[in-house]
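We give structure tokens for two forms of one protein chain below, kept apart as structure 1 and structure 2.
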Structure 1
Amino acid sequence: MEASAPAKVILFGEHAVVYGEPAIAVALNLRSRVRIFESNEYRVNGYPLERKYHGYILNAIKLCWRGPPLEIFTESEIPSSSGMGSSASISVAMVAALLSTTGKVKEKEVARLGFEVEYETQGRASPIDTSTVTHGKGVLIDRQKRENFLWRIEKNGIYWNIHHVDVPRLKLVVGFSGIKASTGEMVAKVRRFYQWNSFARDVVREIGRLTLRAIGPLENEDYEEIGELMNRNHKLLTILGVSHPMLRKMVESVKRYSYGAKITGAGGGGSIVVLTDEQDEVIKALQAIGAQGYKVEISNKGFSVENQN
């Protein structure tokens, strides 16, 4: 069985979404793939399956597999720890491959189990990454049920309604700082701030309001306004303590070529996302300060199961 899933980038609402606030993300044209075969023992890319190295794969097996041991091969075009959702993509591809052994796979089921895998492995997560790489295109998460509703995910008293959202063909660059940061640790850091400080809770709510304000400009292709909201979201994430001197430098370096730029994903290192008409200039500016830039496109394709027999 073979399955694949795309990368993603969060345009608005990371961190706040963990507390039930809205977020918007899009799938990207980079993919990861898994192939699974029945075997005598569990192996991943030729090595024994170990929690330390293969946490997402192991949890996917625990949740979705009752059969014999498996030989698993993974491949990914998505740079790891880059904020482009490599772990969500592998989790969803793995869940889809495992479920497809027993019949047709439903989007909603893959999204739910993919989320459970990420939650188990990271200790805490929202369904933004896993739902986006399951569905493809654009995804809006909100507590409130809206137009274009896809499915609902619940965990420990928090629930999220997942919706399709129409997003134009934005010209984006993902800038990777080269600094790997743990999503789990960054989420835990924000959680401490959120629990003890009412100002942090206000910032989280403000991120939620700003995310909802971005829906109209996205639908109307109002790049100036989208960029302005991205800049504001970046400042709020900085206040939450998830920026890094290198991310600040990167956002500064692309200002003159972009509508807006912000941290994307967990922060603390990782990546920024830039909305621009000048992708090549942005990539050069990032390279000049020692970061990497990836020209990315929005993908309409979510998870897919191939070679099904």
Structure 2
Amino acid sequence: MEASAPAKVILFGEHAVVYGEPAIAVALNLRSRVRIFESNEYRVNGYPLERKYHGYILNAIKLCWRGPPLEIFTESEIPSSSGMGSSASISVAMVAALLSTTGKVKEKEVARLGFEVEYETQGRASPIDTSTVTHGKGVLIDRQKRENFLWRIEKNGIYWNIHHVDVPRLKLVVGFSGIKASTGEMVAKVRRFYQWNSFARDVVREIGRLTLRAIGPLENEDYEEIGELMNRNHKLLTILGVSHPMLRKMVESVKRYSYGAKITGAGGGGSIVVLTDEQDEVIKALQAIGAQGYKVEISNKGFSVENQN
């Protein structure tokens, strides 16, 4: 059995989504693939299955598999630690491959179990990554149930409503700073600010309002407005304290070639996402300051079971 899932990037709403505000993410045209075969022992890419190296795969097996040992092969076009959801992509592809051995796979079930795999492996998670790579296209996550509702995911008394969002085939560049920051530390830093400062709470609410304002421009392919909202979202994230000197340098370096650019993901390092018609120029500008650039576009394809025996 073979299955695959795309990468993703958060366009609006990171950090604010932790406090119940909406966020928008899109699937990207880079993919992870998983192939599974019955075997005499569990192996991944020729090596014994070990929690230290294969936590996502191991937890997918625990949740979704009751059969014999498996020989598992993985490959990925998605750079790790780049803010493009490499772990969510592998988790969803693995879940889809395992479920497909017993019959037809439902999108909602893949999204739910993919989230459970990430939650179990990381100790905490939002379903935005796994729902986006399951569904493809664009996804809005919100506490409120809105138009184009897809499914609802609950965990420990917290719930998220997942919705489809129409998005054009945006040309994006994900710029990776090369600096790996702890998501947990960044989330905790924002939480302290949020708990003790009413201004921080106002900023979080403004990010939520801005995210909802982005739905119309995305559906109408208004690149100028999308870019402006990305720039404003970036400034609000900077106020929350999750920027980094390298991220600021990266955003500044691509301004002349882009509609907008912002931190994507946890911040403190990591990546930015750039909306541009000049992907090659953006990548050159990023390389000139020591960062990496990945040319990406929106993928309409979510998870896929690509081969059944």
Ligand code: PMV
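Keep in mind it's a predicted model, so treat the numbers as computed, not measured. Residue numbering: structure 1 sequence, from 1. Throughout, rigid core stands for the largest set of C-alpha atoms superposing within 1.5 Å between the two forms.
Point to revise | Identity of the form predicted alone, given as 1 or 2 | key: Between the two, the form predicted alone is shown as structure 2, not structure 1.
Point to revise | Cα displacement of residue 48 between structures 1 and 2 reaching 2 Å, rigid core superposed | key: Shift of 2 Å or more: no.
Practice item. Verify the C-alpha shift of residue 79 between structures 1 and 2: is it 2 Å or more after superposing the core? Key: No, because once the rigid core is superposed, the C-alpha of residue 79 moves less than 2 Å between structures 1 and 2.
Practice item. Note yes or no: does the Cα of residue 207 move by 2 Å or more between structures 1 and 2 after the core is superposed? Key: For residue 207, whose C-alpha is compared between structures 1 and 2 after core superposition, the shift is 2 Å or more.
Check your understanding: In Å, how far apart are the CA positions of residue 243 between structures 1 and 2 with the rigid core superposed?
Key -> Comparing the two forms, residue 243 shifts 2.6 Å at C-alpha.
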